[in-house]
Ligand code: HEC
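One chain comes next, on its own, written as structure tokens: the form predicted on its own.
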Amino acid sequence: MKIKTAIACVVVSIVLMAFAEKGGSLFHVPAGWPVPHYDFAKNKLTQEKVDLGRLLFYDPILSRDSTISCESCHSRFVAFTHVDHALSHGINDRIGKRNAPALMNLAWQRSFMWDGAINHLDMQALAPITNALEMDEQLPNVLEKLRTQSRYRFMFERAYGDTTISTEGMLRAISSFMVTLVSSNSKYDQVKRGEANFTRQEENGYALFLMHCNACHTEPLFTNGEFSRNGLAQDAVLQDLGRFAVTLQPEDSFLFKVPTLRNIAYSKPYMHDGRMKRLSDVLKHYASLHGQGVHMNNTLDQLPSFSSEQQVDITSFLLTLSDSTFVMNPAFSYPREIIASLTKESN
């Protein structure tokens, strides 16, 4: 048994090393984490490609009127979501139908958006760029605008070897930047690495989490990447049926992607429609359902229930998932140094 276990560990190590080599020094798999789903062999990470993607991520040129960038709804300081709106806002202050999901650890995800409408990270940026309630732009127009700017011709040449600006090159650059958004240095991670210890309250909360929450919010990613029901009544205005809109299967009604709990202290408001402003509201939501005798219905899959004391304990644990080094990482910030370098090159 010990020999088999040792062999298994070696195999896993070899696989992870292979992924690390494909991702290069720009991406690494934290110890104890699963193998990423993203195929780095088809989009090898390079600093030049990541720089281009970062520039595009922060550039409102991707929107029809050049007022909305990816960062407008996915701010670094709040774990790449936003806190000032329950629902995403687009050009002309158009209001979307869902809360902007936090962006992190995307290499491990198989589907994207609250309803899983996008099944590949390289395609994800298409959704907000072409959505009428968000950037409201068409790809030919985006490419034409990029081609008129010398800095993008230069950046595409650095990333791909020639000045051709294509949809594929743009999308792969954006996903190259997004795949580097790895959050793995919270207090929870430090405890797992033996660098810190939980307080008694955090430890109690962790035990509760493992008992009631880990099935859906599975560690270490704190999501199982699947779709579930959250017990919320349908919003009368939004009329959001969740994954049903993608599959048209009745059994998928009210299913929404299980969000990661990492950096949850930063990523309020909560739920797919952002209706809950505080973490305590989420816990009270489930407690109230349990008090009403609700166990399972067409809008709810699992029902964690916590006493007031337990809510304090589990909140203490959830706060250990905050990763300040992630939200403050200058490599993920507005690309001032890249723009400054491009300006210097052109002078």
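One rule holds for the numbers: they count along the sequence shown, beginning at 1. On a predicted model such as this, the values are computed, not experimentally measured, just so you know.
A second form of this protein, the form predicted in complex with ligand HEC, is not displayed here; the remarks below concern that form.
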Looking at the partner-bound form in the model of the complex, is G169 within 4.5 Å of ligand HEC by any heavy atom? no
Would you classify S322 as touching ligand HEC in the model of the complex, given a 4.5 Å non-hydrogen atom cut-off? no
Any chance L318 has a heavy atom within 4.5 Å of ligand HEC in the model of the complex? yes
Please run the contact check for F57 against ligand HEC in the model of the complex: heavy atoms, 4.5 angstroms, yes or no? yes
So ligand HEC isn't shown here. In the model of the complex, which residue out of M155, A173, L103, V179 has a non-hydrogen atom within 4.5 Å of it? L103
Of the residues S228, S75, T218, N204, which one places a heavy atom within 4.5 Å of ligand HEC in the model of the complex? S228
Taking 4.5 angstroms as the heavy atom distance cut-off, pick the stretch from 147 to 155, 190 to 198, 243 to 251, 119 to 127 that is near ligand HEC in the model of the complex. 119 to 127
Which of the residues spanning 135 to 152 lie within 4.5 Å of ligand HEC in the model of the complex, based on heavy atoms? M135
